[in-house]
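Take a look at this single chain in C-alpha coordinates; it is the form predicted alone.
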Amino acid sequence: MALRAALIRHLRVPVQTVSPAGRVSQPSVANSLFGSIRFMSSHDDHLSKEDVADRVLSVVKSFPKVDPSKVTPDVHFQSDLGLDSLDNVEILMALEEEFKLEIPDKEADKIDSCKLAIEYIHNHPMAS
(Lines give C-alpha, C1' and ligand atoms only; values in the text may rest on other atoms or scores of the structure.)
Protein backbone atom coordinates (compact mmCIF):
# COMPACT_ATOMS: atom_id res chain seq x y z
CA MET A 1 0.00 0.00 0.00
CA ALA A 2 2.83 2.39 0.84
CA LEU A 3 4.55 1.56 -2.45
CA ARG A 4 1.37 2.32 -4.37
CA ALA A 5 0.95 5.67 -2.62
CA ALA A 6 4.60 6.58 -3.31
CA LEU A 7 4.25 5.72 -7.00
CA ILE A 8 1.04 7.68 -7.39
CA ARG A 9 2.59 10.69 -5.64
CA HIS A 10 5.56 10.79 -8.03
CA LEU A 11 4.02 9.59 -11.27
CA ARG A 12 3.18 12.34 -13.75
CA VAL A 13 1.45 11.71 -17.06
CA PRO A 14 1.05 14.58 -19.52
CA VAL A 15 -2.55 15.11 -20.52
CA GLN A 16 -3.65 15.87 -24.03
CA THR A 17 -6.55 18.28 -24.38
CA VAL A 18 -8.80 18.39 -27.41
CA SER A 19 -10.77 21.48 -28.36
CA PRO A 20 -14.39 21.19 -29.54
CA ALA A 21 -13.09 21.66 -33.10
CA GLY A 22 -11.00 18.51 -32.66
CA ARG A 23 -7.60 20.19 -32.49
CA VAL A 24 -5.00 18.77 -30.14
CA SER A 25 -3.37 21.43 -27.98
CA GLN A 26 -0.32 19.52 -26.76
CA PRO A 27 1.26 16.14 -27.47
CA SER A 28 0.73 13.34 -25.03
CA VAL A 29 3.06 10.61 -23.84
CA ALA A 30 0.06 8.30 -23.70
CA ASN A 31 -0.77 9.05 -27.34
CA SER A 32 2.78 8.36 -28.48
CA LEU A 33 2.89 5.15 -26.47
CA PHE A 34 -0.48 3.76 -27.45
CA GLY A 35 -1.07 5.47 -30.79
CA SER A 36 -4.66 6.51 -30.19
CA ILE A 37 -6.92 8.40 -27.86
CA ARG A 38 -10.06 6.86 -26.45
CA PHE A 39 -12.79 9.37 -25.80
CA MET A 40 -15.20 8.52 -23.02
CA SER A 41 -18.73 9.82 -23.04
CA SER A 42 -21.82 9.65 -20.94
CA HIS A 43 -24.42 6.99 -21.52
CA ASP A 44 -25.57 8.37 -24.90
CA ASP A 45 -27.86 5.47 -25.67
CA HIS A 46 -29.93 6.13 -22.56
CA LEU A 47 -33.53 4.96 -22.79
CA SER A 48 -36.30 7.46 -23.39
CA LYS A 49 -38.96 7.79 -20.74
CA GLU A 50 -41.57 6.41 -23.16
CA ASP A 51 -39.49 3.28 -23.79
CA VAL A 52 -39.02 2.78 -20.06
CA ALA A 53 -42.74 3.25 -19.42
CA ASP A 54 -43.70 0.76 -22.14
CA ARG A 55 -41.31 -1.89 -20.82
CA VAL A 56 -42.29 -1.35 -17.15
CA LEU A 57 -45.99 -1.65 -18.02
CA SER A 58 -45.27 -4.77 -20.08
CA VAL A 59 -43.47 -6.41 -17.14
CA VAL A 60 -46.27 -5.52 -14.72
CA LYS A 61 -48.98 -6.70 -17.14
CA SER A 62 -47.21 -10.05 -17.54
CA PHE A 63 -47.16 -10.65 -13.78
CA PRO A 64 -49.50 -13.62 -13.09
CA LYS A 65 -51.56 -11.96 -10.31
CA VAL A 66 -52.25 -8.76 -12.27
CA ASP A 67 -55.25 -7.97 -14.44
CA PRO A 68 -53.57 -6.33 -17.48
CA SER A 69 -56.59 -4.08 -18.09
CA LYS A 70 -55.96 -2.31 -14.75
CA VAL A 71 -52.31 -1.46 -15.46
CA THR A 72 -51.60 2.21 -16.21
CA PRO A 73 -48.51 4.37 -15.69
CA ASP A 74 -50.03 5.76 -12.46
CA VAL A 75 -51.18 2.46 -10.92
CA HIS A 76 -50.13 1.60 -7.34
CA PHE A 77 -49.07 -2.02 -6.87
CA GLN A 78 -50.83 -2.68 -3.56
CA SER A 79 -53.85 -0.37 -3.43
CA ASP A 80 -54.84 -0.50 -7.13
CA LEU A 81 -53.71 -3.99 -8.13
CA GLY A 82 -54.21 -5.75 -4.79
CA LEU A 83 -50.67 -7.09 -4.61
CA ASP A 84 -48.85 -7.79 -1.36
CA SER A 85 -45.28 -6.85 -0.41
CA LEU A 86 -43.86 -10.14 -1.72
CA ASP A 87 -45.52 -9.52 -5.09
CA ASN A 88 -43.99 -6.05 -5.06
CA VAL A 89 -40.53 -7.58 -4.56
CA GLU A 90 -41.13 -10.07 -7.38
CA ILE A 91 -42.15 -7.28 -9.77
CA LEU A 92 -39.03 -5.29 -8.88
CA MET A 93 -36.87 -8.37 -9.47
CA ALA A 94 -38.50 -8.79 -12.88
CA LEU A 95 -37.79 -5.11 -13.63
CA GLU A 96 -34.15 -5.56 -12.59
CA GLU A 97 -33.87 -8.47 -15.00
CA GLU A 98 -35.66 -6.59 -17.81
CA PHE A 99 -33.44 -3.51 -17.55
CA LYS A 100 -30.23 -5.33 -16.50
CA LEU A 101 -29.69 -3.29 -13.36
CA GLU A 102 -29.70 -3.76 -9.62
CA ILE A 103 -32.02 -1.75 -7.39
CA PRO A 104 -30.62 -1.36 -3.85
CA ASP A 105 -32.95 -2.50 -1.05
CA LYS A 106 -33.32 1.04 0.32
CA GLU A 107 -34.54 2.25 -3.07
CA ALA A 108 -36.64 -0.84 -3.76
CA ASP A 109 -38.62 -0.27 -0.54
CA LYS A 110 -39.73 3.12 -1.90
CA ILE A 111 -40.89 1.85 -5.31
CA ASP A 112 -44.54 0.89 -4.88
CA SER A 113 -46.08 2.06 -8.15
CA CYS A 114 -45.45 2.01 -11.88
CA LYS A 115 -44.85 5.76 -11.80
CA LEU A 116 -42.03 5.45 -9.25
CA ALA A 117 -40.54 2.46 -11.08
CA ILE A 118 -40.53 4.39 -14.37
CA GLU A 119 -38.89 7.42 -12.73
CA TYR A 120 -36.24 5.35 -10.98
CA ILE A 121 -35.31 3.31 -14.04
CA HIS A 122 -35.35 6.31 -16.39
CA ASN A 123 -32.94 8.16 -14.07
CA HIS A 124 -30.66 5.14 -13.55
CA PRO A 125 -27.47 5.60 -15.60
CA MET A 126 -26.98 1.89 -16.31
CA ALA A 127 -30.49 0.95 -17.43
CA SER A 128 -30.48 -0.74 -20.81
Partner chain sequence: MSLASTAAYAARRAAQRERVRILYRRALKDTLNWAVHRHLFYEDADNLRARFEVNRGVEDPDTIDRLIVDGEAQYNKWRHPDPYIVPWAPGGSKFTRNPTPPEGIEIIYNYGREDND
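Values in this document were obtained by computation on a predicted structure and should not be read as measured data. Numbering follows the first chain given and starts at 1.
What comes next is about the form predicted together with its partner chain, which does not appear here.
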Item to complete: Decide if the three candidate residues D87, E102 and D109 all line its partner chain in the predicted bound form, where lining means a heavy atom within 4.5 Å.
Response: yes
Item to complete: Would you mind picking the one in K49, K70, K65, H76 that has a heavy atom within 4.5 Å of its partner chain in the predicted bound form?
Response: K65
Worksheet entry | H122: touches its partner chain in the predicted bound form, heavy atom cutoff 4.5 angstroms | no
Worksheet entry | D80: touches its partner chain in the predicted bound form, heavy atom cutoff 4.5 angstroms | no
Practice prompt. Check whether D54 has any heavy atom within 4.5 Å of a heavy atom of its partner chain in the predicted bound form, and answer yes or no.
Written response: no
